[in-house]
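Below you will find one chain, with nothing else, as structure tokens; this is the form predicted on its own, and questions on how it binds or moves follow later.
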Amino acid sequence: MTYSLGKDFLMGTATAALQIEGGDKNNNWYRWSEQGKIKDGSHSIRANDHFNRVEEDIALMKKMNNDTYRLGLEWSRIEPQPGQWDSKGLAHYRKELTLLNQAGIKPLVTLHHFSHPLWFEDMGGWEHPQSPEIFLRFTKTVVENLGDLASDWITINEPNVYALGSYVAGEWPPGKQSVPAYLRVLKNMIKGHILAYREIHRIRQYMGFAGKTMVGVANHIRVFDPEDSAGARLAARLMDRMFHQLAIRGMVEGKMLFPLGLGGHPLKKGFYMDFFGLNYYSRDIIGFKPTSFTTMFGEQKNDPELPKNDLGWDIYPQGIYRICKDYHQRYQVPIYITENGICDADDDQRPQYIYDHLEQVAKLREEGIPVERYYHWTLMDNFEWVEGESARFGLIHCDFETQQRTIRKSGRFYGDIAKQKAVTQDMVEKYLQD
């Protein structure tokens, strides 16, 4: 089956600075790697050496017809010590943004994507009561120096995933296991986002770009479908509240839902979002497990009838449709799919995965839901957090020993779709007939 996405639809790829740049020793993930906490024994210091290969990698984006590219900035390269700014770090990102613009690739810049300087980590990170103001200081300096080169910004990537992995599961730095810490971190990230949202708009308006700035959050949202029992339905609702709604309602509306607060608006009621960013990967079947307090009495299960990626996650394309439909009804703003992808080292599932998920996007657009952009996760195989180099999500294969990049079959397919803004019968026969 063929489908069209529309000529105004923007397609690109997404990365995070820590996962691709390599070479930086002043961040929380470098220390975590040094402590041997990465499952496959790899280290963030290597990654893809993107910091030294920006021109090469932008050329690959261009070859795959990227209209836009979501990149992250490494905070520790810009503010290596509190209040001290590295002109070389800022100059590097200024060069990268300039090269993207010259290539006709629209940048979407992420300010915080799971990594930050060691001095910030050592003072308590996002648990520290002054962390929102510290993040505001970083945001102000970045936008004052780079705001003329980028109109579109993500303040924080997946606050719920960061808080869960770092402060409940304990698998990410700093490795805590505390629900109260999770709540403190989310509350401070909400405040940090709102302060940064206001500041980005203020600075860009001062620069003369009023009305041309888009700021949002990259929200990780899963579908939680309960088993057929009252307990499972309650658990799914509680998990949705704790994992999704606390962060989303806080960052969009400024509202501190219980148990973050009593429903008040400490930084004033408002609407702190210009687009709804969605990172979507999978869904969970929720069972009732009364002994599991940290997951709100829910047990996450796979659907045995669905195919799985290399990490065992269910492949459920319909979820991207369901979530976009739901949140558009709530907020009525443009939707950017800021991440969507599959861990698939052999690249035997990724072409179909791309086809199936973009088919759902095409359906949404036909129904008038303003899904305006799609960023595939990810440009190339990289350092995939605690999984290390073993989890391969890339449209481009990377040989980490030689840093040789090779566009996969799925990358060629994605590039053809991005060029045509459609899936044609020729593409189906070329990429999907097996």
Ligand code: IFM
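Residue numbers run from 1 along the displayed sequence. Quick caveat: nothing in here was measured; it's all calculated off a predicted structure.
Keep in mind that the form predicted in complex with the ligand is not shown, yet the notes after this line are about it.
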Are 113, 158 and 339 jointly within 4.5 Å of the ligand in the predicted bound form, each by at least one heavy atom? yes
Work out which of 313, 243, 353, 327 lies within 4.5 Å of the ligand in the predicted bound form, going by heavy atoms. 313
Looking at 272, 281, 138, 224, which is the one with a non-hydrogen atom within 4.5 Å of the ligand in the predicted bound form? 281
The ligand in the predicted bound form: contacting segment from 113-121, 178-186, 344-352, 195-203, heavy atom within 4.5 Å: 113-121
I'd like to check something about residue 30: if you look in the predicted bound form, is any of its heavy atoms closer than or equal to 4.5 Å to a heavy atom of the ligand? no
Report whether the minimum heavy atom distance between residue 393 and the ligand in the predicted bound form is within 4.5 Å. yes
Check whether residue 19 has any heavy atom within 4.5 Å of a heavy atom of the ligand in the predicted bound form, and answer yes or no. yes
Does at least one non-hydrogen atom of residue 51 fall within 4.5 angstroms of the ligand in the predicted bound form? no
Within 346-381, which residues come within 4.5 Å of the ligand in the predicted bound form, counting heavy atoms only? 377
